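Following this are structure 1 and structure 2, which are two forms of one protein chain, each written alone as structure tokens.
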Structure 1
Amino acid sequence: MKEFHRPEALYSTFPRKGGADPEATHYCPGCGHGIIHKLLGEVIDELGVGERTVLISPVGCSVFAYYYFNAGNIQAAHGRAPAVATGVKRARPDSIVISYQGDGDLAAIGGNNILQAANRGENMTVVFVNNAIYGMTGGQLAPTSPLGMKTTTTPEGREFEEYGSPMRVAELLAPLDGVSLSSRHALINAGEIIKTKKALKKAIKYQMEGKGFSLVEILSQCPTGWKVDPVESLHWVEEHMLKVFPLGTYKDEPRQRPTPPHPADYEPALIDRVIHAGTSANGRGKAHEPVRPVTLPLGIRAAGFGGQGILLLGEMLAKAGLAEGLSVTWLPSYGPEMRGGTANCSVVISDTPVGNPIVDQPNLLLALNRPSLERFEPMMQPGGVVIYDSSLIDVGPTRSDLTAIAIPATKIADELGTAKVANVVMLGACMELLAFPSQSERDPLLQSISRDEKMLEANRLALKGGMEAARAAAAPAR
């Protein structure tokens, strides 16, 4: 023998509503929201998930659903409930997340949010209350308003030519692979009300079982917005909505979702292990006192075509400085220009903390093509050093106050079997001239480029080739 009382999931009085009348809802007489609240409340009770439920109520008449639901409540921005729900569910996978949305909210301003949450198959439940109108804001056109319907923004009625046809959300979402359940119901008679409740129960059950995204669309009467009395509003649904929005289940294919992470479980030791992986303990000192052709601080520009590995060359130089216990910065040119056009980067290596990381006046230029040499040579500090790839640049620097070192980097690389390692040849040349880093630091640097044995060997040979070429090139000049 069944009794019918207010479900526990709904409060008995509504202090959050406040005002003179905290016992009754703010909904108009006959409003479908109240009925849906009661059905949802019963389902939450019957499934025993009251404590786990988090209800998201975005803008619309039901923005105040938190007055009524005895659940964790989050009020959200217009249309954004599916995104907020996603955040809650991902953060707390054991919660039961219900996004309670109206038609303007879900189908207009939040159209993409619902589509994407559905497509991702978020393990959540969406209650979509379709009353074909903006109720709270004053009876304006909704995406679901039937053709011909007069609203405050379509005083002559909705016309297809102006606004297209009403949007059928349950049908729209059903084909998405992420959607487990999509169905439409109405509150027009006892049978349909019970079907609505069953659909809500199934949707939440799917969520409890990790079976993915459900949308339950409910055609809900809005007597005030439609300007009819509550009983007539039921006929209004039958007459104006059922043809456009046929009731039924458009999809019921629950899909088991993989077990999600539980990010609220925090393990600092694991974080330390992952983040500090590969770094040794502090205390690395300078290896030796090097003799350098240019004094610190070094302001280096490396430049060439995109694809020559210019940024990597600069980064390796910076790391070499770091290995030497010096202060370094590395600054790339970034964005579209690095894919195809020219590439350059600034590297500063200093024995005091680096202030300005932008090298406007380099004292060391690594030029791997002619345009780079032409661009940066005029910026060089007097007395600076230019190392250039003489296999690609036939005429070296013209300024007499610069030291030019020609390294046939691409040719050396090509003879090793791949022109790609020309940047490492240049790196070798630099290392020879700068006299750092120490021998023992060189291989770790090359390993940070690639640990692939074949690649590593090619890089070792390229580095060696560059160092030998630099020795040969620099010797006669001294």
Structure 2
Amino acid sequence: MKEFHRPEALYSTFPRKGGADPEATHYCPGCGHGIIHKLLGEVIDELGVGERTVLISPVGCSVFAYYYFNAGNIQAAHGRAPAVATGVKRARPDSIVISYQGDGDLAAIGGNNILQAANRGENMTVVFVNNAIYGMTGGQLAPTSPLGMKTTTTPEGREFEEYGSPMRVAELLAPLDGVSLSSRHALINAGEIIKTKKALKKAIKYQMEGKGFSLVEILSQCPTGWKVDPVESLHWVEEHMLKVFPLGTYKDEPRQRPTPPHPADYEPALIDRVIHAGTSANGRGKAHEPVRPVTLPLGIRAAGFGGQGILLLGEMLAKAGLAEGLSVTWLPSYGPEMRGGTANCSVVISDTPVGNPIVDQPNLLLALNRPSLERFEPMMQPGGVVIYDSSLIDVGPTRSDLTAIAIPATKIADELGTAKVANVVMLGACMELLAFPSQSERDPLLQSISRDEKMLEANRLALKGGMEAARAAAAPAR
């Protein structure tokens, strides 16, 4: 005889919820979330993944999933569960990440988040609870509300001319290459509930096997939002939702995602390109001796005022690192003013995966105005390098434990006929310091800025000017 019991993946009581009855949920009578929770708990138990499951629950009726699931739980901002799930899965690939979302969350404010995660083929499982209404916030129109449906924001019923047709998420995501499984199910009877559980189990198994993005859409009843009793809500699904959202599997093509290389598998001795004299970049020709030995990881701050191309400078440094096969991050920061305000960015270049994109203590600073130098110099690591635009900064760094390299970037740019390329001059100076990327990688880098031949030539000359200025600044030290 089979014994039935509450899944271990669900708590036996729910004291976090508060209230007099610790065994009651916060869901309305007849709501489908309770059934889905039970199915998901059973699947987690049967697959034996409770200890490594992380449930992401954004704003919506299910936001308090941590009341119920005996697993890792993270609450996310409205619509952002796929982004949080991506971060968790990439940081902990061994985890089982489940993004549990409603239709107002996933298909509305989170539409781009789910689309991009699916397109990237993120190795996660999405449980999409579609009850065709904003259940938590008062019964407003949702992207999945059927035509003619009356809600608090469409008291006369949804009209195509005003709101378009309801969004069919399972069909929308199925054609994307990154999607392994996209199916739709319902909770209208025992047979369909069993099919729903099988789909959830398959989706999580695909994640365990590294086969990419899976979505299980579940048509769920919402008696309160629909203003019907729980029994009638089941008929409402059949009469109104199944016509718009046909049940079935829209894609089931699991594909093995490529395994990213382990840091130990990267080309060896990358750091030697940066530190040691006479080392060639990727073995392509003899490189000149760097101006100053700089070790990896590089924590770079580029700073100046808005309009100087600071963020682009940081982006180009990150791309230069990518061209060398290194791990990079680029994190911009700027004030409210588009021009004239402050602007800076953090760039990390490393021969191992980057765990933190924020550079609080840079070992390389590119300063294009005096306020930036004064702000970031105190944060520098001892032994760091400061490259500054001596055309605009009349006082160099004051710390004796830093190496200062003065580059007249704006003057060089003006002599080339456009102050716009001063950031590229600084890029050239930095590349001289780092001894990468190689000559063959430089033109593609500049073409990513502009393919206009006149501007491209100006950038080539600016890059060359910055490299020559850095060599000249370092000449007395050699």
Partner chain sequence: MSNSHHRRFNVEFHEDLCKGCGLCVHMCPHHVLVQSERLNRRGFHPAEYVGEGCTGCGICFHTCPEPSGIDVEPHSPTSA
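Counting starts at 1 with the first residue of structure 1 and goes up one by one along its sequence. Here the rigid core means the biggest group of C-alpha atoms that line up within 1.5 Å when the two forms are laid on top of each other. Please read these numbers as outputs of a predicted model, since none were measured by experiment.
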Q.
Quick check: structure 1 or structure 2 for the form predicted together with its partner chain?
A. 1
Q: Superpose on the rigid core, then tell me if the C-alpha of residue 375 is displaced by 2 angstroms or more between structures 1 and 2.
A: yes
Q. Aligning on the rigid core, do we see the C-alpha of residue 59 shift 2 angstroms or more between structures 1 and 2?
A. no
Q.
Core superposed first: is there a CA shift of 2 Å or greater at residue 436 between structures 1 and 2?
A. yes
Q. Rigid core superposed, residue 21 Cα shift between structures 1 and 2 in Å?
A. 3.0
(Q) Please give the CA displacement of residue 351 between structures 1 and 2, in Å, after core superposition. (A) 33.5
